[in-house]
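Next up is one chain by itself, shown in structure tokens, the form predicted on its own.
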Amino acid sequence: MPTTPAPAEGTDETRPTRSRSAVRSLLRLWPYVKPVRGRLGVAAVVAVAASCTGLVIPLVLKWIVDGPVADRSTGGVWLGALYLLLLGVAEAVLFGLRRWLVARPLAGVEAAMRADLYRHLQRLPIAFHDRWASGQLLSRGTTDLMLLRMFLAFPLTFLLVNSVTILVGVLIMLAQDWTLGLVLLAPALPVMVVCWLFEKRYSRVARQAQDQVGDLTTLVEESVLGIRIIKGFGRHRSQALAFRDLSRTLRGTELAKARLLAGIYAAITTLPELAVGAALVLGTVQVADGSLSAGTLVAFLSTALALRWPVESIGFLLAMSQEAATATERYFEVMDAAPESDTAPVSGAVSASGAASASVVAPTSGAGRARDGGHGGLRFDGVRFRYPDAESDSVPVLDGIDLHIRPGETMALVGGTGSGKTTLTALVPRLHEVTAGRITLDGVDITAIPREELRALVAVAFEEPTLFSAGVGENVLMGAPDTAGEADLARALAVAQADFVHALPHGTDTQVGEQGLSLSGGQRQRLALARAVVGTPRFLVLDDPLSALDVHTEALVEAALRRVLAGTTALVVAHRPSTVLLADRVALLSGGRITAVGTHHELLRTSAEYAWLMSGRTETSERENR
């Protein structure tokens, strides 16, 4: 069956319906617009001047008809034609100037908003990224910001320009003949009612369309990243059906938008045209009666025709404004999400003085273990954790974790599938915040250590290795300080037995491609391990770092890794007995608790669950070797 993505966070399907004001939403753009407000203001004044220049043309026509034409003066006609030419050139130059004035500042506004969004995404907690589909975030940083730039460039200015133009044009027509002016004003109230109804309906449909674009983007992204799975299992048809379903849904929403636009265009075009027709009939009668000059009628009708675009553009401008308001809402849904903070409301947090000492905690050598009072190394004290979106009365993933990894010691973490091993390792660098209890590094609560500093102290290699579209060396050196060089890179590659990189077309400069899919799983895992050890971290957290390696490569990596582990405090998630043997001690995680701690051989004798877990893996390893 085709797989259609679930509704993303923030879509109409997942959030409660609430009324909103388009104006209130758009006002949130002010901090970004404020630095360029002067230039945008000048552009608006220039646009008003250009538009009003066009309204002078009917007055020149009146002069020509009632003057030179009536007097049969050829010279006067040519002079009037020159006036019209100059007015047309002036109007064109002013509109061109307006475009030049807004282009650069609005490109800067869009760039600033995109940069802020990207920075904010980096600071949001993992729980946020777990909830949000990547396509929804991508559409907010691309399509939505493009809509906002277009709004600031055109509708924002021309809502003002056209309003002023209509007002000035109506005053000119009333001054020419107030009875004809009232005829043309008759459709004003019906047009305003139509616009009000249109705004209410269009805002809802515009939101649906933009959310559906995000869902479609997510599906395309997943299909590209998972192309090997799609091809391997022959799921082209099911993915194509899923894409077709989402595309049809989006097409239906876009057609609903088109129907609404067609309706408002019909209303705001037909009603004024009927009024112009009525004014033409009435004005012709008045000219025939001699109560109105032909020049006045020409000027009146020319002014009415000059107002056609400002009136007919109302629907277009309102539609773009509603889409921009929706885009603003979607943008700030992400920007309003609370970022990670350096402090967290956890029990047992250290005092301010403890926080101050975090940045000067010195490494504790193995010889100093007796002097640290048992507080050194990595310690979990009564740690409890449940995911942020879980019910408050649900069973915690981790409940009452007490574990002490001494300075310079390597602790293996063993447990059944789904026991919470990966979750426990994610708590150390504060990828997730503990629900209760505390975690300390050399006696200092991790919530008292700035995140940047904490993540410089703790290096992590995840079970699923992720590489970026960059060179091999760049990917590895992401785990090192900026001062790291080729020697550090070579050492880390040697530890991870990643010498295969030297055989790549450009060595360590070879681009690995998106997600590193141009490499095998074992190669990606070795580069991820190299990234974890390149910075010689004080604390090392490895989540099953050797699972994708063959037996012979694993043995070579383990031999090199022992030397690294001897100089750091490490927590290693282990599934194979060979990996367990790298550790000084082993902790068994079961039912969200640490149920046993000891050496590998001690736990084999004293823990039936541990013996069962290791025996199954030993038998599996033997079968693989055979």
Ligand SMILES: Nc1ncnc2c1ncn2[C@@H]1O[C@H](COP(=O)(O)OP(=O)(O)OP(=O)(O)O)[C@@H](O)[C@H]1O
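Predicted model, so just to flag it, every value in this text is computed and none were measured. The numbering used is simple: start at 1 and walk along the sequence shown.
One more form of this protein, predicted together with the ligand, exists but is not displayed; see below.
Among heavy atoms of R379, none comes within 4.5 Å of the ligand in the predicted bound form. Although the partner is absent here, G418 sits close enough that one of its heavy atoms falls within 4.5 Å of the ligand in the predicted bound form. In the predicted bound form, no heavy atom of T269 sits within 4.5 Å of the ligand. For T423, a non-hydrogen atom is located within 4.5 Å of the ligand in the predicted bound form, even though that partner is not displayed. Heavy atoms within 4.5 Å of the ligand in the predicted bound form are found in exactly one of 304 to 312, 385 to 393, 149 to 157, 278 to 286, that being 385 to 393. Only one of E463, D499, E254, E333 comes within 4.5 Å of the ligand in the predicted bound form through a heavy atom, and that residue is E463. Exactly one listed residue, out of D130, D245, D402, D116, brings a non-hydrogen atom to within 4.5 Å of the ligand in the predicted bound form: D130.
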